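Given next, in structure tokens, is a single chain: the form predicted alone.
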């Protein structure tokens, strides 16, 4: 007979309540679309959780002339609607509207996408990397702001007792794009994801998700494109540079082996640059 486990569930209405539960060992529950599948991955569900959906400030998208603030409990569906038509955030919208399926997008949150430590195929992560997002956390020492690359590097430690509360984005992009390669039309995890953005100085930012365990910027390709002539923003030339500067170590997984994830990157870059140029009115 299976042993019974007494579990506790707290629906915090303030951040102080959530932090109090966190200090007592509760795991943070956002949309729950990743955590609730823990048993299928052979992981026990946590004995105590604290849900954030009743904290109003964490469910808002604030759009100002020079910046955007996204609450951690904002769902993919809400985020896609809120930023639809906002110049420079086409990639974030595509990531929010293209991930998983409509049912998942109605409950999966921005914070959950950033905090699922073993979820390599989170669509929003590369899209936010090229926006050079800033992640705001509530910690025992008080609020903390970190660049998203630093957050991803240290999130195992940061999330030990901290809670992601908001994502801050500058409105300094001309255009962005988000290209994903699933093996089916919907419902599966993408083999590889390439997000691209172009700033006001026509510099291209590129990030890759799902190929390695954690999404990251493709700095070798960014530098190669900046070092070349303006024609480096040509899709064909970008794909050639992507092949030449492919420094990824592909991860093996159920959807694909690592070598295949690496191999599909140049054509995804080609598609991404073409989409970027079209969105930016430069095609």
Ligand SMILES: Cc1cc2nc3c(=O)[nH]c(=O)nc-3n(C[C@H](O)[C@H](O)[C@H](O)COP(=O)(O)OP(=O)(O)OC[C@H]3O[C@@H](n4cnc5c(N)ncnc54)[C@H](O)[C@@H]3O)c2cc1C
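The structure displayed is predicted, hence computed values, not measured ones. Positions refer to the first chain, counted from 1.
One more form of this protein exists, namely the form predicted in complex with the named molecule; it is left out here, but the text below deals with it.
Checking 21-29, 257-265, 270-278, 6-14 against the named molecule in the predicted bound form, the stretch whose residues place heavy atoms within 4.5 Å of it is 21-29. With the partner removed from view, the residue among 132, 188, 199, 97 that has a non-hydrogen atom within 4.5 Å of the named molecule in the predicted bound form turns out to be 188.
Among 174, 77, 181, 159, the residue placing a heavy atom within 4.5 Å of the named molecule in the predicted bound form is 159.
The shortest heavy atom separation between residue 113 and the named molecule in the predicted bound form is within 4.5 Å. In the predicted bound form, none of the heavy atoms of residue 226 sits within 4.5 Å of a heavy atom of the named molecule. Interface membership of residue 221, defined by any non-hydrogen atom within 4.5 Å of the named molecule in the predicted bound form, is ruled out. In the predicted bound form, residue 164 approaches the named molecule with a heavy atom inside 4.5 Å. Candidate site formed by 72, 104 and 107: every one of these residues places a non-hydrogen atom within 4.5 angstroms of the named molecule in the predicted bound form.
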